[in-house]
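The data below hold one chain only, encoded as structure tokens and taken in the form predicted on its own.
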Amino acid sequence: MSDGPPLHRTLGLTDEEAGRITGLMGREPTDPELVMFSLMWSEHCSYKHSKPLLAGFPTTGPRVVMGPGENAGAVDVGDGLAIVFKVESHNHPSAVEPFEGAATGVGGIVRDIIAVGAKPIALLDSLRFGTLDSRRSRFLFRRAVEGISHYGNCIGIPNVGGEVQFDERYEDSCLVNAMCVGVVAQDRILSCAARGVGNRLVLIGNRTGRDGIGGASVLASAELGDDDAGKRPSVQVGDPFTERKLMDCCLALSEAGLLVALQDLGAAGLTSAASEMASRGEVGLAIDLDRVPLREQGMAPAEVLVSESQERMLAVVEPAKMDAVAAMARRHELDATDIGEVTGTGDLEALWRGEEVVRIPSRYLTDDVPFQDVPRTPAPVPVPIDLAAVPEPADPGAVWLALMGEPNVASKRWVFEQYDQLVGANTMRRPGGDAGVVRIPGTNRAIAVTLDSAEWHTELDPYAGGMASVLEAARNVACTGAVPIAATDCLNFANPEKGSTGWRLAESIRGMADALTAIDTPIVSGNVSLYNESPRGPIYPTPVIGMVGLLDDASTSLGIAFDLPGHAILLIGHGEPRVDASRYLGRCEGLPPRPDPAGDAALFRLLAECARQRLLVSAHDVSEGGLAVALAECCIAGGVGAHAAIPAGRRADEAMFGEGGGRVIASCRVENVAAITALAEGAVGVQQVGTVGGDDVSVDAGGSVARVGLRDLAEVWEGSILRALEAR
């Protein structure tokens, strides 16, 4: 008898959970069954800490075609078409092996879109790493970007937007979130629900190996420690060329009406895919593991069941269509293997060498998870910054230049120029603005898409930070002229059982839900990533929001660039800037202003109507770095200077560089100012604050003037990240 711990503890199950399994089964589970339970009941697969909280999200609406619970959400965009989208994390694998972790994160989210029957048309990514003066963070950053670039470019999907942030709190626990957007005819949407007793279960794509066994599901359900290097074998290895063939094959199968259901094999592999298909369809599945094509000899049944080998899909196919499915797969140089059938038992069954090694009611794996309430210990209430304690700059122009070069404010061109932005010929607004804009193929409409989070705000005031994350994403979409119509989310938090993390998680979800409800924008899909911390400490609570907006006329989309000298500069919106938790202050301290969702909703309506009537030339969200940075970015994008004058408020530097949301810098022809003001009807503030023109950029805040040459601003802003990478 072994002197080691019992198997269930080795697999990460508690004694209580092991007892629950035995009680459910009415017997001791087999070793393969116990492995399956350990993964399906892990945080990554079950959301056992967060699922009860997610019920507060608005998930329905007139445009919602498919909400949470499927591989991705879908919304109606007219003409019988739906836009399908989802964001997911690949944080822990990327911290262990950044290239493969980030690359397979892209592959996994693309397969989620394929599984719905949609054609992927856009990718986005949200990245957070430690500061660039850290050798490790520079390595992780470089390699993760290379992994995203390699996989996305090889499969031919444009990367049209995202965000990158650097902070020491992400030094040991980087965040790599990937979002994919697809389009599908509504009558071709596929579900993951298995149906039809006697229908065949078909595994399509790569052969199964030991790579990735326990990868995402184990790594994402525990904190990373000092032995991360030893976890490298758990990180999946991607093959984008096979993914491209798989994508084309599945689309062809769907368009030919050859599939009953389709599911991606992601975390927990065959176990997760099969149990979710069976549970969703309220049927059973019988799998013959001897039929699963293997890449390696000597694999045990548990290894076959939980392998996370990439580029695999599980399909349900009517027997009469099996030959057509096999022929289609051969045309795409892929395996399509009949590994089992749909049954009426409700059980997930597995045979190995003729003997039954697994028989579990599928609902035990998916629905009978022991959900846990998170502790809700509030953090101390933060104290607003005493402005008198913040030194006033002697030279605001020098501060402005320094702020433009701060990596979190500076251009992310070094990142997005490594991605193919135009493949597919539908990209209308490339990365570098507020949101990417992609034409909906075959129509005159377009979607605007972005990823955003207000992590500093969420750390200090999680309810308001959740609201701010939603409204920042929606505002970026609205600045293109699009109407926000639906969202997806990726909740990146630390260990929910420690400190105030559980409280921050619950409060941020509450804030997000209230903001989404206020702007009439439902959540249709999402992901939760917990345990993002190390012995050094937790990450900031980082609720990433993927927002999708709709433009009925693609030609009306707006960019951020100022166009011609003489155009008027408008400050549109509400709210007063504050230095609290701003990039100008340079640290996560104070108490940022609480967002105003009703005011933002009115702002979004005004921007959409102004775009529809072609009254605006440009629009740009005022966010990190405040009004001065937003003004400079508009000037750099257009290659022309500008001059603005604003009230000093409490103090000139706060007026120039303070943050707080709810405001947009826009430009228009002078003769359109009156029409825009009339449309606002007093519900949204509209002020003409300046004029486009000249070779420099200036801001006059109540007589205190900051003036910097446009060329100097552009040089500092454009080259900051590359200089930081090359200087060490």
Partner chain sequence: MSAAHVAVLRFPGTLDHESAARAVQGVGGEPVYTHHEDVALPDGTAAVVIPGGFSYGDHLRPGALASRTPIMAAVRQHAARGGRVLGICNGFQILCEAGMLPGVLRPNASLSFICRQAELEVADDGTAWTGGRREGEVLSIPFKHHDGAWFGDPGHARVVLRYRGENPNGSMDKIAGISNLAGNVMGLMPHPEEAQDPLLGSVDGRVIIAALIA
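Every value quoted in this text rests on a predicted model; they were computed, and no experiment measured them. Positions refer to the first chain, counted from 1.
What comes next is about the form predicted together with its partner chain, which is not displayed.
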{"query": "Contact label in the model of the complex: Ala388 to its partner chain, heavy atom within 4.5 Å", "finding": "no"}
{"query": "Residue contact check: Leu422 to its partner chain in the model of the complex, 4.5 Å heavy atom", "finding": "yes"}
{"query": "is_contact(Met428, its partner chain) in the model of the complex, heavy atom dist at most 4.5 Å", "finding": "yes"}
{"query": "Touches its partner chain in the model of the complex: Ser555 (any heavy atom, 4.5 Å)", "finding": "yes"}
{"query": "Heavy atom within 4.5 Å of its partner chain in the model of the complex - residue from Asp373, Glu333, Glu576, Asp367", "finding": "Glu333"}
{"query": "Single option in Arg605, His643, Arg188, Arg244 placed near its partner chain in the model of the complex, where near means a heavy atom within 4.5 Å", "finding": "Arg244"}
{"query": "Which of 403 to 411, 500 to 508, 155 to 163, 625 to 633 sits within 4.5 Å of its partner chain in the model of the complex, heavy atom basis", "finding": "155 to 163"}
